[in-house]
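Quick heads-up: the structure tokens below are two forms of one chain, split into structure 1 and structure 2.
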Structure 1
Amino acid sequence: MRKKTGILFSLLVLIIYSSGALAANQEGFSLSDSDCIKCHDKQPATIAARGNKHKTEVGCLDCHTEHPPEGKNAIPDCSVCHSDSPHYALENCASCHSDAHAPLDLIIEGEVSAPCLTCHEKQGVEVKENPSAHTNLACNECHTKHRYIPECMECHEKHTEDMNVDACLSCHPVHMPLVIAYNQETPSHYCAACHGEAYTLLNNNTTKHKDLSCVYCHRDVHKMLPSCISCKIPHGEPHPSKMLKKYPECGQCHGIAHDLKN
């Protein structure tokens, strides 16, 4: 009982000392942001340290327009200031923005994908329209924190020891990893990891094909099979058309591209 009275008394003293009172409660008095700290030290400290735009663009009283006991709506809805964007139509803002006084301190828990797409539509489309095992992963199973970029090797083995993440990405666009494409710099021993026979045959061959890389002939897209005459230099018109009419398959005389007879 004594303790309670004591608290009430000090409160009263403080209110008077503050030379103001809580706007919504006491008529004739007004309170400014610098008064709040007299009774609430935690929130001003949080805002000072991590308030970001809630520190620079708004003050306490912009959000807390009322104060208990008279003011019943002491806590503002985010929608008072944030509306008209798909992101602001999400439910339960506080599940991620856990503290309004540190709005960019994010907690992203559980399997989260749809909310990410309110800002990253493109990646959502890529993943959905190109089904792969990654389509079944939630965005935050890889991006475990906002803006964190994972390394493929957190979850996968390399095909060859000397591959790095840039190499993985050069063949597998991560949000659609089965749309495999590669550039002309791709070294042949990358392919050899899965196509040992073709690699060995070509390396043991003694014709000019030996000096060509796999991707020189198998251009750009995985599983593409070139025709011999698609290689304009030097094969454009290797033989008289009369002869080629009679023997339409180059392989009849030359064997296979990896193991030329001639």
Structure 2
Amino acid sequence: MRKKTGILFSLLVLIIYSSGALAANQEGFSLSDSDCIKCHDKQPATIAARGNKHKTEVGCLDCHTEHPPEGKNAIPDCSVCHSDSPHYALENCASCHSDAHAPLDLIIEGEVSAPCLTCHEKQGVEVKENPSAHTNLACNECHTKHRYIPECMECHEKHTEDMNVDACLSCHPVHMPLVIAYNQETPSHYCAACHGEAYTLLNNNTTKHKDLSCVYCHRDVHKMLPSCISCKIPHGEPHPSKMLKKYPECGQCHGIAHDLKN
């Protein structure tokens, strides 16, 4: 009897000691990211390739603070880290950001503009305040992927065969395409694509106007119509004031600038 009691007592001591040792080990035990990748090998590869700030600013345990079965909230809400921006107040982040390990690989379905404009507010204002065909398009009609900027010729025909995207953008700001501005190096045959009649008349002109580029007179901004006397040389005010008073428009005698009469 005493022998059995001794054995039971020893077992009890052993159990108590083992439980204490296990608890002590658990208190001193901590995980690292290298432990996570033993089971989760796909996610680190995705982060390494396309993780953006999720790759450089945080580790696995910064986001995944719990793990089943002890913790139920293994996948945190985006708002735990992301706040202080109208964009982060949007609901259902995963509808676009389907993979938190590649947060800028967006999947955008349907016509989407409002979420885009929470970050790209300036572009939204430009499109709205400068009406054009672009105003009626959803952002993802052109930007089919995040940060994708299409070439103009994907939708538009070139004015001339020698034009490229840089030539388009030198006159047409993308989100304000009808606010046309240009530099003094703009070739006249670019203008001729829309103003063919004026270009033909000018080329057939026998006066010095034939040697001028379109932008020499129509400077800087589209639809700018200068007065003849604004060109001090050679025009200035060539006639007496009485004649100019009687014929205030030069074209009343000389015709239009593109088809000037001597």
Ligand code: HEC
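Please note that residue numbering is based on structure 1, beginning with 1 at the start of its sequence. The structure displayed is predicted, hence computed values, not measured ones. Throughout, rigid core stands for the largest set of C-alpha atoms superposing within 1.5 Å between the two forms.
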query = Form predicted together with this ligand, is that 1 or 2?
reply = 1
query = After superposition on the rigid core, does the Cα atom of Val58 shift by at least 2 Å between structures 1 and 2?
reply = yes
message = Rigid core aligned, does the Cα position of Asp105 differ by 2 Å or more between structures 1 and 2?
response = yes
ask   = If we fit on the core, is the Cα of Thr144 displaced 2 Å or more between structures 1 and 2?
value = no
message = I need the CA movement of Cys81 between structures 1 and 2 once the rigid core is aligned, reported in Å.
response = 3.1
ask   = By how many angstrom does Glu70 shift at its CA between structures 1 and 2 when the core is held fixed?
value = 8.0
